[in-house]
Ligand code: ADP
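Let's start with one chain on its own, the form predicted alone, as structure tokens.
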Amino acid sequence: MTVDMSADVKRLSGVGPAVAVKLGKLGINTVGDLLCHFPRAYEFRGNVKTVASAEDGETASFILTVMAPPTSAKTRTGLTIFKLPAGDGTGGCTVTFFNQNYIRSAFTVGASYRFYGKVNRRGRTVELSSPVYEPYSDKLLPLFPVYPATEGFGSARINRLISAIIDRPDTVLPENLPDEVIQAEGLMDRTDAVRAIHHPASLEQISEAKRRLAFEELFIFAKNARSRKKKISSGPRAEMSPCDCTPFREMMRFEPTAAQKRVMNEIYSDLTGKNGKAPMRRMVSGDVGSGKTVCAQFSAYVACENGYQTALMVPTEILAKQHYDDTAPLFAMLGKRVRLLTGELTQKEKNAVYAELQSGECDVVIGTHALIYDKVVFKNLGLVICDEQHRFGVSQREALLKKGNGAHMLVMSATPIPRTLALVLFGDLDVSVIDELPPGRRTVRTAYRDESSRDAVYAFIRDQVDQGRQAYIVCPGVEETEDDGLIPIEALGEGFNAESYDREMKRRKAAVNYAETLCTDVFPNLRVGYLHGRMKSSEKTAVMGAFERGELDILVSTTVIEVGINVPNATVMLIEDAENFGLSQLHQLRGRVGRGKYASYCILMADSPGQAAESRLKMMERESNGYKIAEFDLKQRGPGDFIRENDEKIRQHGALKLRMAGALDDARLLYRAFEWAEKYTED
């Protein structure tokens, strides 16, 4: 049976109108969407423990034989508790269920089952509370998929829908790669790959399925990027002529580096038509502090001189204010009017900006996603600039571009990406790299430390605060209970070791809980705040604003501080469990300090990270060039981290999400996918 991937999901058994609405919230509207709704993680049920070795609080699998029928009792509140006596050769275990009457007849005495759940241990008494279970056989799969889900329609129900299709032996999915490519690259066919990623029989099977599906995504992505570039070249263009840029250069507060001059010349040629007749679509990639903002200001000046307006869109209100404070005074001296548009403005202030944009009185507007609202109407928008634009969706950028006729677009990224990789990933953009820092930029002293140095590290932070400085402490998670016992799909593959991974996860520091510990136990006399991505936008803005104003001494955060906060007084960046971050991400985080006149420090905490991870952390100690770090990271870990961190940036169409390419650890596969796509894309 060949599956119709375009068929409406409502045609499946068990999917009525109400279920279809819930699936729609997950982006599942067709059968193809469902089958490409890949697991985000797996329960590793193959890591079987004995009752004797069970540890309190751990989540694990147990092969237990049922000793007797379940007993039941009711609590005062009417809750029915079922207790099933079971055990293995090492000891007995009580399996507990709540308000599940079918348990009375669900088990056969003397039969064995695989139970997977959380252990409660008090001395010799071992209890499993509400575990999942299945009759034991040696054919049970070790990995159970966990899917992105929505309220009212959980992972288990998604799994049942997918299983009804892929578990049929006669199921065949239509192939979307040429036979020549599949054979030359040694790839699984599409049917086997989709079946294996949902219901893998082994870690090796996951690795091969990931490889095939990542290749498929990148192949299609590359073809779409080339088609998109061709479409842009045939569309309208905001025409600009050469102009006198001497006033702008004279107003600059420093001599630009050779790299900045090269990039500004590339932008100038794009805008004035020297590089072709298509509107500019250029990405400027530069290390933290390399001077990308000056290049953006220069492009806005050229647009203004040609009678066009410029919109600069940034992800946070704090970053918008920083850009405004830096740009408005400079452009005022040049006779240009700059305005700020964010959600914090009063309605009266917003209306004034709307009026100036529509009349043309405002030359440059700097703002957040508020710029794409219907009320924002430009008289003559000719240039759109997006800073840290991977924080925006494709639809948001396109919505802003449509407010002009053939507007040019400049995007800026502070994530150093090797040029060869950037040319592949950003197929519809011309890529400029600012690969040198302005003279005088402070180097952040970086040190890798383990747990034995923790007290000394805390003492160092306390000393810096006593001197009037501030510190960041970054950790990977938000809450320690999040996804307990689950293994993300990126972590799985050949060589995966469940026990070492479990130990690694237990070490992770979580922002909320860790901040509380720092407040009460470590720095009781200091002002400690915390920040994470689950907070409301207004809450994040308030916390970052307090840190920026010096009202907090220490900010405990997840990686949301990568962009949008500039505090010259912050001199220490402590990164917990640093081995869990990619090198480029560590470099980005390190760039949050060393922005002022004070000596600054980055401390990478990791306890027994392993030989490969330790070599990466030592690379951070000795190297400050973001592009050299990125090249090293690409060779060590492959392109997956770059793809995950820039998923929105490299997505060309809202419908194309690189679900599996972010787990790719082989850069050669990425380049081959793009080479094959070039061969199979018609001009």
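Since this is a predicted model, take the numbers as computed values, not measurements. Numbering starts at 1 and runs along the sequence shown. Take the two forms, superpose them, and find the largest set of C-alpha atoms that agree within 1.5 Å; that set is the rigid core.
Same protein, other form: the form predicted in complex with this ligand, not shown, and the subject of what follows.
The stretch among 255-263, 84-92, 589-597, 167-175 whose residues place heavy atoms within 4.5 Å of this ligand in the predicted bound form is 255-263. At a distance threshold of 4.5 angstroms between non-hydrogen atoms, D287 is in contact with this ligand in the predicted bound form.
Taking non-hydrogen atoms only, N224 never approaches this ligand to within 4.5 angstroms in the predicted bound form. Although the partner is absent here, P438 sits close enough that one of its heavy atoms falls within 4.5 Å of this ligand in the predicted bound form. Not displayed here, this ligand is approached by K292 to within 4.5 Å at the level of heavy atoms in the predicted bound form. Relative to the superposed rigid core, the position of the CA of E185 differs between this form and the one not shown by less than 2 Å. Once both forms are fitted on their rigid core, the CA atom of E204 lies less than 2 Å apart between this form and the one not shown. If you fit the rigid core between this form and the one not shown, you'll see the Cα of L330 move by 2 angstroms or more.
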